[in-house]
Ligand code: HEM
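The chain below stands alone and is given in structure tokens; this is the form predicted on its own.
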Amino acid sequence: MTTTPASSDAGGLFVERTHLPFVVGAFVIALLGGFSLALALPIDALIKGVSLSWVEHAQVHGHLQAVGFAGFFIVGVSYRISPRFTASPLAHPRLVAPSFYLLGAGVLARFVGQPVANLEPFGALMAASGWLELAGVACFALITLTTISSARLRGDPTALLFSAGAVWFLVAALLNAVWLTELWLDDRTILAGDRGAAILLPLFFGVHLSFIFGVALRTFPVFFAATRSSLRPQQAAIALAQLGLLLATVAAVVDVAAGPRPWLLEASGLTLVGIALIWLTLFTGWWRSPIRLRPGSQPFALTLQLAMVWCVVAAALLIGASISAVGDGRAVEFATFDAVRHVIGLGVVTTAIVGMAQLILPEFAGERLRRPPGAWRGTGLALALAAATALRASARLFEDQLSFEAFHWLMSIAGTLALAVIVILAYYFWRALRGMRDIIQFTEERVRNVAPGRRAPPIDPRS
């Protein structure tokens, strides 16, 4: 088996562009589906109440966010940084394009098919969406697992986490494909709550957090001038997280397949996951000053720090809810677990994506060369997402004390804040992308105009 360097476009003189379709796709899905529905659904509930159609769109919203927005971004950025982190070329580059088209087709088919799955051929389209996504995830997993194979054998924590994330992505995609097919065959349009939870569990805790911590363990100690921990404690924390997630996922699948719900197994697994998450944050040094970042980039460190704070909050809620459930001899309450999912989805995943995108994507790096971004961007976007996370989690945690109207108003305000952040980030990415094209065109023209055997003169930064 051979590997070749990742392909790049015609402007690939300075930057490989493999990540670009995925990042653009993530923004499109977030703006047109994921975050838009986060705003529209609570407003619709206030006007019309909660109906079957509302639940269908709520499930589509969750899938668009977990696989469409976060999933696309993770896949694209992973293709870019895996070779750099592991000093290995990107394996099977010809599978990159199929992974994009298959995942994109699957997400689009789910978006179009599920709300009207009671009408054919939309029911079949909904079922097909799961298998399209599974094929796309399989391409991604093969690329990732092969690219980082040597680093994984060395026990590199980032490679271990990326590998775990790829495997959990396969597990979630397989469950999704099988249960959507059963849903179509049963002539229904809404996944049962236990099945939806069983799919989201490996997505949030296995895929999203694995890749976020894979990047964090490599970059945060550099950003925050922290001493790197030895490999063994990091490997132990990773193993604990995988064990806990395995127990919790098995409990969720048993609940769906056979029942009754193995609440003790579930609580034990979630407790281990919570402990492992807190343990992993200790290796990042997030509480220190970001002195290693350039002044123009330091405001973005607040975004990364708040992501770690929310991770600790989510872990504490998870541990507390699991211990309480064991004491009462019951399963973890849905409201608490839903609050934890949104703390992770908004507070950790979205916040980390917003921060890391502006620090590691080449388009934003090119922007910093032309004009340093205003400090308000790092601080303002971080605080807006923190407010959205607090409002969304509080609405679910205190649902019993809130009226129907107050509950959905809190969710709509949270959705508005989150959507505004993504709109702003997408605009600056688009502007940075245009600037990057100008830089590439300018540099290629200079190279073409240099006589053979001569070296191009240095570029004046002011140009």
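Residue positions are given as counts along the sequence shown, with the first one as 1. This is a predicted model, so every value here is computed, not measured.
A second form of this protein, the form predicted in complex with the ligand, is not displayed here; the remarks below concern that form.
Residues within 4.5 angstroms of the ligand in the predicted complex, judged by any non-hydrogen atom, belong to 330-338 and to none of the other stretches in 249-257, 330-338, 143-151, 373-381. For a residue to qualify, one of its non-hydrogen atoms must sit within 4.5 Å of the ligand in the predicted complex; none of Thr158, Phe213 and Cys311 qualifies. In the predicted complex, Arg80 stays away from the ligand, with no heavy atom inside 4.5 Å. Proximity of Gln59 to the ligand in the predicted complex falls within the 4.5 Å heavy atom cutoff. Taking the partner from elsewhere, Ala198 is found to have every heavy atom lying beyond 4.5 Å of the ligand in the predicted complex. Looking at Gly415, you'd find a heavy atom of it within 4.5 angstroms of the ligand in the predicted complex.
Proximity to the ligand in the predicted complex, taken as a non-hydrogen atom within 4.5 angstroms, holds for one residue of Val107, Ile74, Leu346, Ala172, which is Leu346. Between the options Ala26, Met411, Leu425, Met436, the residue in contact with the ligand in the predicted complex by a heavy atom within 4.5 angstroms is Met411. In the predicted complex, just one residue of 204-225 lies within 4.5 Å of the ligand by at least one heavy atom: Phe204.
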